[in-house]
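Below sits a lone chain in structure tokens, taken as the form predicted on its own.
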């Protein structure tokens, strides 16, 4: 199936605006980040019997805690330490946030509709852009002139190399099965065969574990590690800037689970294009967001049941088991593509 491009859809600018600013863009990001933070607190409170999440404003589901956090981050004074590299200190979190969000503009999220920025090998472009975000986390720690922030940035560098490579390998190995680097065509191929998670479970497992590490979810919450490093690369941040820095991990989790849902879970399937742009846009995005939300809930649930890995344990796991599994994913893709699926 061919995309409906910019010249073929009346009101294309309206659709692009909705994609970027409403669904699945900034509006959906804001709502889902708030909900996933609330869910993380409630789940951890239930599993670990934490008094605060269970009993603060119980009648309204603990919503007052979210309001209190918003007021605190908004009104707290933002202090810039004297010895920091001010340009890098101020720009790095903003750039990390920007490069975490940009991939959404390249993602098809509904049947028959092109993303706002359509490039034929959009999977490669998305992988290239999201791989840049951790670099700015490293810059954040180095620019802060703080030993805890610097150690956190070094940990981020070690872990980024250990898990980004298997993640990219696993995604590309699945794309190889379908013979395309176009995300829309990957979804269409899954509608005619099997979902990516069934065709290559090795790749799906590697990709999801790598997502947990890249987004700093437990048991890979090692760069921040508040019990050891205060807040890792973000130790010297305060006020609204700290709130933004804290939210970057959740935003990356949202973007990565969207990509995972498209490549391995069939994106907007089981629906297909009906020719009604409004219906396809709304229903396709809702289905995709439901899949991504389930993956996000599983990720935050792990905080309640797993302790944090040590840096050496996590790096060893990445270079041994995870990398080996990504190699197995490539081998399995070759078998399917060249022997079974010909």
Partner chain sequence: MSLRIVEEEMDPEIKELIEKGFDKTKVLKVSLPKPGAVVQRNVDALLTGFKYVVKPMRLTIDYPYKAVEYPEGYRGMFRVDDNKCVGCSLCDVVCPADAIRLVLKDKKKVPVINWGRCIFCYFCVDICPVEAFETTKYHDAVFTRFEDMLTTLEEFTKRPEDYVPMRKIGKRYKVVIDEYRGLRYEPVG
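No experiment lies behind these values; they were computed from the predicted model shown. Numbering follows the first chain given and starts at 1.
Just so you know, the form predicted in complex with its partner chain exists too; it's not on screen, but the next bit is about it.
- Taking the partner from the other structure, its partner chain in the model of the complex has no heavy atom within 4.5 Å of any heavy atom of residue 68.
- A residue is said to contact a partner when one of its heavy atoms sits within 4.5 Å of a partner heavy atom; residue 35 fails this definition for its partner chain in the model of the complex, lying far away.
- Put simply, residue 306 is close to its partner chain in the model of the complex: some heavy atom of it is within 4.5 Å.
- Although the partner is absent here, residue 59 lies well away from its partner chain in the model of the complex, with no heavy atom inside 4.5 Å.
- When its partner chain is considered in the model of the complex, only one residue from 290, 31, 278, 47 comes within 4.5 Å through any heavy atom, namely 47.
- A heavy atom within 4.5 Å of its partner chain in the model of the complex is found for one listed residue only; from 64, 302, 282, 315, this is 302.
- Picking from 50-58, 282-290, 269-277, 23-31 the stretch near its partner chain in the model of the complex, with a 4.5 Å limit on heavy atoms, gives 50-58.
- Along 158-185, no residue reaches a heavy atom to within 4.5 Å of its partner chain in the model of the complex.
- In comparison with the shown form, the Cα-Cα distance of residue 225 and residue 50 increases by at least 3 angstroms in the model of the complex.
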